[in-house]
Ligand code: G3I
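In the block that follows, a single chain appears as structure tokens, in the form predicted alone.
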């Protein structure tokens, strides 16, 4: 199973100097500070007052860590369970937050029944009906969708640039355009995004992923497919340097095509970092700063979202448990919802465009 199915120098900044929480709400594509947001889990939004306060203090945008993935929505071919996204959206609307939709077409988190899809016609019908049902339900309420998530192969080649999935096997790469056009038909006002990761790595794999992703985007643009923005995830490996010039050039090419850029799933995999919290938190913050600065050197992102807000709720230990047994610390707030240097970096960055 791929980990994607679930989902260094020190800083001088101290925790004591962190900015106060940001309560003001902002339009995601206007002037002023770049909106900040986080992936949320449904139950803590209602059951954990400290978690709720953290989201409301710091975020202008939320996205469900789960709920809109196929495995959550479609336990059975004939059943749609909207419980989680309905609750997430209710929370967002009650508190003046924007909610992003994640995700409509992905290789991961698929219910077992989808493996019985046996033909191109069946795959097309399932994908189209799913998107019309889901996007249609939230038309005018979820303004931005990760339509296609992680379409580029883990190690792409000229002959196999697109990741294997139920959609790729039956429909080829055309499933991406199909998903975009279907989403646009279901909600013509929605902002459509393709989301992927590992663009920051200074490796042959990282360079190949950037190249083949740009090839895909150019092809979609040439076909007139409705695509408005690109999501750059993050999930940064702390033992691999960030290719700052390569990432900046990549983002500049996206910007030159007239597409927006979002940071969608930022966290820092801290497994290899030193154990002491002040040293580790400073390193995590510095890595995030390098990543954001490289993107910001090319364009103003539409939003910056971390994949979770607090170390209390993070996917990282599932795949990257530390050898020393210490809890992972990949996010801007610690497990007690106290801000860490990473939050300072995010606030400095988002306000630098204000």
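These figures come from a predicted structure and were not determined experimentally. Residue numbers count along the first chain shown, from 1.
Another form, the form predicted in complex with this ligand, is not on view; read the next lines as being about it.
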Check 41, 65 and 106: does every one of them have a heavy atom within 4.5 Å of this ligand in the predicted bound form? yes
Have a look at 198, 144, 183, 149 for me and say which one sits with a heavy atom within 4.5 Å of this ligand in the predicted bound form. 149
May I ask you to choose, among 124, 191, 74, 235, the residue with a heavy atom within 4.5 Å of this ligand in the predicted bound form? 235
Candidate stretches 252 to 260, 202 to 210, 279 to 287, 98 to 106 - the one whose heavy atoms come within 4.5 Å of this ligand in the predicted bound form: 98 to 106
Using a 4.5 Å heavy atom cut-off, state whether residue 265 contacts this ligand in the predicted bound form. yes
Please check if residue 51 has a heavy atom lying within 4.5 Å of any heavy atom of this ligand in the predicted bound form. no
Check residue 56 for me: does it contact this ligand in the predicted bound form (non-hydrogen atoms, 4.5 angstroms)? no
Can you tell me whether residue 326 touches this ligand? I mean in the predicted bound form, with a 4.5 angstroms heavy atom cut-off. no
In the predicted bound form, residues of 304 to 321 near this ligand [heavy atom within 4.5 Å]: 307, 315, 318
